[in-house]
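In what follows, one protein chain appears twice in different forms, each by itself as structure tokens: structure 1 and structure 2.
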Structure 1
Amino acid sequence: MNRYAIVLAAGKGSRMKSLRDDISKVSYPILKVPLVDYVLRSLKPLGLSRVITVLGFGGETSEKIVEGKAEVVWQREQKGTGHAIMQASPLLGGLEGSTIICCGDTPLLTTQTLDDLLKKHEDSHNDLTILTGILDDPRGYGRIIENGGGRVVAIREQKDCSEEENGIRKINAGVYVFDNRLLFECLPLLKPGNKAKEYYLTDLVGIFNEKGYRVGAMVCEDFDETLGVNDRVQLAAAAKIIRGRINRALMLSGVSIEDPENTYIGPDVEIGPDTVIAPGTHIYGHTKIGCGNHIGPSTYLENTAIGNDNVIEFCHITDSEVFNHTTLGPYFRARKGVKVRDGAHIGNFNEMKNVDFGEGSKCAHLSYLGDSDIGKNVNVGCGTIVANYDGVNKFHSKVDDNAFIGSGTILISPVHMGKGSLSAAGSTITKDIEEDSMGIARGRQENKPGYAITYHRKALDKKGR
């Protein structure tokens, strides 16, 4: 049987209280991944023939997120959930199969629950199956009204409930599986007979019952999965749950996370066994970390590849690669294109951008290296600067194996230091230094006896005026 999905992602999300018109509610991120992307990820393993996302407010932002993951239809006017589904009619209308409908602001839904719901629908030969939850306090939720045989006859909003119905604890979780052909046959029967003048998808429960179609329900064991994100408080609550899931899975796979409550790891991150993650660490994007590393505390990694047996603390590293047996930090920042090779040591207060830093090389402290290749066993002295930008263009420099860069050296790119070469401390190097040669570029020192006394007297006289 064919399976389809429709993700409702057209809402404005006014309770987010954003001042921006280009942000859709479903584009708000958790661990740098948009809400709607979590929903699409949970749907992907289900073997769906087509996935349709209904976009509306801020849709240009959402469209970029779902590109390549779902087909897009637009709800140009916000006329309710039933109206949103109508927009998918040109793509799905008349097709045989089952269609699962869920909201793009429910990032906690799991593949297992959605698969169970589809199987329940198909095995029970239902025409509509509703995901439900059982709450001790159901206030604010639509109640599931069932007959004696377990068939759902209505979803009753709280304001419309009788006193007896108010005591019902089974509520609508907002996820549905429909017989696709019947769904699109019955959608035109919806009427905007409510104060908001909107077409409600839940009204199809009554229509299906009137036509004698079979409507059933499945209870979601973990109701947290169905929680939607409508404001920033709920966004933070959902983020905490997702973070807990990710950290728990990593710890069960052999990763030590010293303080899970203060560790933030995205869903695409891979970490090998025996790696220790210290508190305050943030790891995002497609970061891949090998075995036996010690990451953190207070380290930021994004789209970074890290080998085995490294120590990285108080660092900020993005779009970079770190190989094996290295020590990085504290307070090291690596930006796009950095590669730190085996056995390298980069100490405190260093920054690199687009640098290939060689095997066994050292950059102990207080240096900036931009757009350069640093060979093996190179010593980068304190206060070194590779000046790569002239205000218009970026230039590249190269330092060969076993070179020694003296403290306070400025390399004005593009320059090449040959193998075994040396730059004298305090030099501003603008020309290549040949192999085994020393480059020195600084003014000759001149001392003026007694001038310090004269200088200080002048300073005091000036201050006393």
Structure 2
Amino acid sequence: MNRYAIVLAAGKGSRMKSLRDDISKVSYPILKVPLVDYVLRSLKPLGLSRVITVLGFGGETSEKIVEGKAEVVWQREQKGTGHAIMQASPLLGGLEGSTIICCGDTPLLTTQTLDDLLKKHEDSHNDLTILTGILDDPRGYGRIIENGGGRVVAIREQKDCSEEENGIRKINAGVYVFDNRLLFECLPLLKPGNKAKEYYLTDLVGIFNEKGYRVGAMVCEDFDETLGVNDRVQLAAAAKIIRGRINRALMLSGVSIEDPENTYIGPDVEIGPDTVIAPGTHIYGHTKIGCGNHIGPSTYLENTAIGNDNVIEFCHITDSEVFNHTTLGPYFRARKGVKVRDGAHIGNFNEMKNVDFGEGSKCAHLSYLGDSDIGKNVNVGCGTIVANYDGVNKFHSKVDDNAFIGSGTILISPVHMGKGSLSAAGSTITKDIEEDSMGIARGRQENKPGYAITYHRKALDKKGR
């Protein structure tokens, strides 16, 4: 049987209380991944023939997020969840199959639960199957109204509930599987006859019952999964649960996380066994980390590849690559395009951008290197600057194996230091230095005997002592 999905993502999210009109609620991120992306990820393994997202408010931002992952239909005016589904009618109307509908603001749903719901729907030959949850605090959710026989007869939004109905703890998780043909046949029957004057998708429950179509439900045992993100308190709550899931899976696969409550790892990050992550560490994007590393405390990694057996403390490394057996930090920043090769050491307060830093080379303190190739076993002295930018153009420098850059050297790019060459401390190097040669470029020192006494006396006179 054909399976389709529709993800509702057009709503403004008024309860987020944002002043911006360019971002929809479903584009708010958790661990740098937008809410709606979590829903699309859970749907992906289900073998769906089409996945359609309904976009509207802030839709340009949402469109970029779902690009390549789902088709898009537009709901220009947000007149409710039922009205949102109507917009998919030109694509799905009349087709045979099952359609799973999810809200883009429920990022905790798992593939397992969605698959169970689809199976339950198909095995029970239902026309509509609703995912429900039982919550201690059902506030804000639509309540499941059942008849004496436990059949779902309606879903009532909180705004429209009587006092008695308000006490119902069984809620609508906002996930449904419909017989696709009946869904689009019945949508035109919806009326905005509620307090919000919206076309509620949930009113189809009543309509299906009236028509004698089969309506069933499945309780989601893990009530975390049904959490909808409507405000920023729920956003933080959902983030905490997602973090917990990711950290737990990593720990069970052999990664030590010293303080999971205080470690932030995105869903696409891969980490090998025997790597230890110390507190305050953030790892995002497509970062891939090997085995036996010690990372953190307080380290930020994004879209970076890390090999094995590195020690990386208090570092900020993005869009870069670290090979094996290096020691980095504290306070090393690699902005982008940095390759730190095997056995290198980069110590405190160094910044690099677009640098290939060779095997066994050292840069112990306080340097900025931009756009350069540093060979093997090079020593970069304290306070070295590779001045790569003249305000208009960027230039590239090259330092060959075994070179020694004296402290306080400024290499004005483009410049080349040959193999085994040396720059004298405090030099501003503007010309290439040949292999095994020394470059020295600084004013000659002159000493004036006794002048210090004259100087100090003048200073005291000025202060009137």
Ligand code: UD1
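All values reported here derive from a predicted model rather than from experimental measurement. By rigid core we mean the largest C-alpha set that fits within 1.5 Å across both forms. Numbering runs along the sequence of structure 1, starting at 1.
Annotation: structure 1 represents the form predicted on its own, while structure 2 represents the other form.
The rigid-core alignment places the CA of residue 240 less than 2 Å apart between structure 1 and structure 2. Taking the rigid core as fixed, one finds a CA shift for residue 387 smaller than 2 Å between structure 1 and structure 2.
With the core held fixed, the Cα of residue 443 is displaced between structure 1 and structure 2 by less than 2 Å. Structural comparison between structure 1 and structure 2 after rigid-core fitting shows the C-alpha of residue 162 displaced 6.2 Å.
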